[in-house]
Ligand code: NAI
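Next up: a single chain in structure tokens, the form predicted on its own.
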């Protein structure tokens, strides 16, 4: 039996009502795609999704209700992509940062993936804050083998001793999770990738300045030239989600105007960087 055609399928977007998620939804609708939007708040004010779901991704029960409702209300074989944009900054309590940025992404992806068809995609949003994931790879491999309850217990006991702040940890974890999930999905025809932006001009940028510190943010921007526009990050996500990227799988795509390339090749001298704040909110 031929696989259902997802080439014009619907895209599910979390965190759809503002920032990068909103910009992505605009691009998808301009491309003629139907969208299902998910957000803790009201739907995007200037768009017309097929359906909008209110969901607090900090609450596991609400994610269960969400996945059940989506599976019941829609023909899942026609879903082209799931894009996990929603996340919270490090100015939120550490438990919430871990819950939303890591566990909710994993839970939603694992719950919906069995219903998707070959050719569909999952795209997660990381951050260049997570670029150091290889330094703690063994931690993430072990942690992501745990179920949600055990992972929460681990985090409550270890969050202050992992060597980085909760936001950085969460974004490193979601980068590793995306690679692991690509492996879990092998043979299904479903791909999973992750996009990591640098600073972006969204309503959350002042919050990230509070989290990381103005000096550090301004130093990063001095090398990339400016903060990204939300649409510039959405371009990369759109390409991985519905574009001609069919052999790109398990990939960590950094979208930061070249800043990370400077770190890796040496034209950015990190020794001269202002120290970032290490925000940990109990």
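In this text the structure is predicted, and so the values were computed from the model without any measurement. Numbering follows the first chain given and starts at 1.
The next section is about a form of this same protein that is not shown, the form predicted together with the named molecule.
message: With the distance limit set at 4.5 angstroms and only heavy atoms considered, check whether 17, 100 and 197 all reach the named molecule in the predicted bound form.
response: Yes, the whole candidate spot contacts the named molecule.
message: So in the predicted bound form, is the named molecule close enough to residue 35 to count as touching (4.5 Å, heavy atoms)?
response: Residue 35: no, not in contact with the named molecule in the predicted bound form.
query: Within a 4.5 Å heavy atom cut-off, is residue 169 in contact with the named molecule in the predicted bound form?
result: Answer no; every heavy atom of residue 169 is more than 4.5 Å from the named molecule in the predicted bound form.
message: Please determine whether residue 82 contacts the named molecule in the predicted bound form, using a 4.5 Å cut-off between heavy atoms.
response: Heavy-atom contact with the named molecule at 4.5 Å: absent for residue 82.
message: Can you tell me if residue 231 lies within 4.5 angstroms of the named molecule in the predicted bound form, counting non-hydrogen atoms only?
response: Output for residue 231 is no: heavy atoms all beyond 4.5 Å of the named molecule.
task: Name the residue from 159, 202, 109, 78 that puts a heavy atom within 4.5 Å of the named molecule in the predicted bound form.
output: That would be 202.
One residue of 155, 133, 208, 177 in contact with the named molecule, assessed in the predicted bound form (non-hydrogen atom, 4.5 angstroms): None of the others qualify; the residue that does is 208.
- request: Tell me, please, which stretch of 147-155, 133-141, 86-94, 184-192 lies within 4.5 angstroms of the named molecule in the predicted bound form when heavy atoms are compared?
  value: Heavy-atom contact with the partner occurs in 86-94.
query: Using a 4.5 Å cut-off on heavy atoms, which residues of 109-123 contact the named molecule in the predicted bound form?
result: Going through 109-123 in order - heavy atoms within 4.5 Å of the named molecule in the predicted bound form - there are no hits.
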